[in-house]
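Okay, so here's just one chain, in structure tokens, the form predicted on its own.
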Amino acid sequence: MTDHDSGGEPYVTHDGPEQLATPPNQTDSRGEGSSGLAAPGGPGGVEERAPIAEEVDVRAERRAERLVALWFMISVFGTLGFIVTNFVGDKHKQYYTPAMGMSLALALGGVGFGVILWAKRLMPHIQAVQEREVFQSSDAEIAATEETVAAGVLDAGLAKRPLVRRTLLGAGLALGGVFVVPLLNLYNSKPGKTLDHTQWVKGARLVTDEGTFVKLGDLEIGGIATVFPAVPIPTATGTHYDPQLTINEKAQSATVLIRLPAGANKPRKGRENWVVDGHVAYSKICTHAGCPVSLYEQQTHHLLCPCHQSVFNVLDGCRAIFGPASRSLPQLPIAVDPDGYLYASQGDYDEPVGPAFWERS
């Protein structure tokens, strides 16, 4: 039956079942020619490819081999740079992250470019077109495939190109260092070690992030502030309090200062002198996953962690009463000096700050 499309051109439809036809110019790598290629202008229309320079010129082959080896050596130096920068470089300097990224790019890119050039310039180039056949292979075809793979390994030239083989092996072994570095970092910088002690020392004044020392009465009842240690430094003219801390030191030592109504606090045994006129100080680092605890409900006297909704009862030593946190926030003993400034009366927190599992790491 003949119909017409919107443009007036006729086309044919069939009422019977769909018939699959064989398209013209079928090609098969098993056709004529010893190389497995169809003859030029033959049924497949596949023409012979001109050989590349490395296949006919020994000097070009040697140049390609040296170029491949050069990229593998670049990968080695990139890996070494990544490892050295990680362990020797200053993580707080501006150069650190770009240096790590560049060295990692050289380590991975060197192997990648080397393998690509090796495949393009040193491995045999064969062009073949094969007809799609059934998915199941016969035993003879499986054996032929195994022979082809074995021949491909030989054609890759690892046996006869010791320079490429050795530099590739060296680049591969060195590249393994990239994956070892993160494991060593995790082992050497367990948070349980770094957070056993913070920057709080005996006599350190409480100072805000703006550098203002906190005096008794600065906070209203129900008020909350984030404070850091200003370390006392004896000088010839008296004691100087240095509030300058690095970002990591601030993060470890961050403390929430809360002023409770008179008589509301219920100090634990032995902590009666850790409070000044209702002012209590606790670590700001949540004991679940290390998020900053800073949401304070004045009516319930609860501290909330915004990350996973852990809740701490400030009146009861900041005990964890809800959520995934399993222990109380560490408390900082504070007192007031003759000038009215609040300071750390006994030194550091009474226990390590941060998640509970860090203590057991």
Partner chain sequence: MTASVNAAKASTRRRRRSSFLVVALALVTTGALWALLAPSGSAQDSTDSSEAVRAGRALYLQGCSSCHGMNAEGGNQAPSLIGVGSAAVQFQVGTGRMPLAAPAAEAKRKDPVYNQTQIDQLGAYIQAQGGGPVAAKVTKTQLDDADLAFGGELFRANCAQCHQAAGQGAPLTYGKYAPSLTQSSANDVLNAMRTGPESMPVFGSRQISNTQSVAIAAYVRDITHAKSPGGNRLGSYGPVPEGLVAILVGLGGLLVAALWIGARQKV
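Residue numbers count along the first chain shown, from 1. Predicted, not measured: the structure shown is a model, and the values here were computed from it.
The same protein also has a form predicted together with its partner chain, omitted here; what follows describes it.
So its partner chain isn't shown here. In the predicted bound form, which residue out of 304, 52, 315, 336 has a non-hydrogen atom within 4.5 Å of it?
So the residue touching its partner chain in the predicted bound form, by this definition, is 304.
Please check if residue 217 has a heavy atom lying within 4.5 Å of any heavy atom of its partner chain in the predicted bound form.
Yes - in the predicted bound form, heavy atoms of residue 217 and its partner chain come within 4.5 Å of each other.
Whether residue 300 contacts its partner chain in the predicted bound form should be assessed with a 4.5 Å heavy atom distance threshold; does it?
The answer is yes: residue 300 has a heavy atom within 4.5 Å of its partner chain.
Would residue 67 count as a contact of its partner chain in the predicted bound form, using a 4.5 angstroms cut-off between non-hydrogen atoms?
No.
Check residue 109 for me: does it contact its partner chain in the predicted bound form (non-hydrogen atoms, 4.5 angstroms)?
Looking in the predicted bound form, residue contacts with its partner chain do not include residue 109, since no heavy atom lies within 4.5 Å.
If contact means a heavy atom within 4.5 Å, which one of 75-83, 142-150, 239-247, 224-232 is the stretch that engages its partner chain in the predicted bound form?
Selected range: 224-232.
Taking heavy atoms and a 4.5 Å limit, what residues of 305-321 are near its partner chain in the predicted bound form?
Going through 305-321 in order - heavy atoms within 4.5 Å of its partner chain in the predicted bound form - there is one hit, 311.
Mind checking the CA-CA distance of residue 97 and residue 286 in the predicted bound form? It differs by 3 Å or more from this form, so is it closer or farther?
Pair moves closer in the predicted bound form.
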